[in-house]
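So this first bit is one chain, no partners, the form predicted alone, shown in structure tokens.
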């Protein structure tokens, strides 16, 4: 899309598309996520999105100024999905753990979109609600504001970094994923103990652990470090 400002009063389109649906921001975002999941980043074009919606591509300008605005909406949608159904428990550590795992899982559910969106700051409704929620958890737990902000920063960056890395692995073709997994057996499993004693000694554990994401354990390590700061903060 090229940048083109459309007046607010003209952004809503109530005539059904060729598919029989009425265009809305949510329908466009959901369709874009589906196309990206199926075809990757190249699917995020006004032409392909218009064809999938059965609408004239120009109608999309009523809702999004350009493709970057649409991309930010996709990013915000993934953040929103991570918050669906979450309820605070009052235990700051349990609440942060649940939010972190939910963020990670949301991005893994659509790895192609995660590659495009995990590093973006949207400023949209779902993201701002998440920032407010996480800061509220930390401040209610007794973290002073300067420390709450730094903990928030580290917590969110860790979740998004792992989400992006794991999404990149999931976005690989199946053959490449299998080849990467096999390296642990074909390369590391054959390293001799006289040259690589530590790898040889831990290989069965290493190969098993590398099958999954390192995020859950990394999250626990971060939560331990956060908890260690709380008594001093109080």
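Residue numbers count along the first chain shown, from 1. Because the structure is a prediction, the values reported are computed rather than measured.
The protein also exists as the form predicted in complex with a further copy of the same chain; that form is not presented, and the subsequent description refers to it.
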Per-stretch contact check against a further copy of the same chain in the predicted complex, the hit in 57-65, 40-48, 25-33, 165-173 (non-hydrogen atom, 4.5 angstroms): 165-173
Contact residue in the predicted complex, chosen from 141, 118, 74, 96 - any heavy atom within 4.5 Å of a further copy of the same chain: 118
Any non-hydrogen atom of residue 160 within 4.5 angstroms of a further copy of the same chain in the predicted complex: yes
Residue 85, heavy atom within 4.5 angstroms of a further copy of the same chain in the predicted complex: no
Residue contact check: residue 90 to a further copy of the same chain in the predicted complex, 4.5 Å heavy atom: no
Close approach of residue 113 to a further copy of the same chain in the predicted complex, 4.5 Å, heavy atom: no
Within 4.5 Å of a further copy of the same chain in the predicted complex: residues from 187-205 (heavy atom criterion): 187, 188, 191, 195, 196, 197, 198, 199, 201, 202, 205
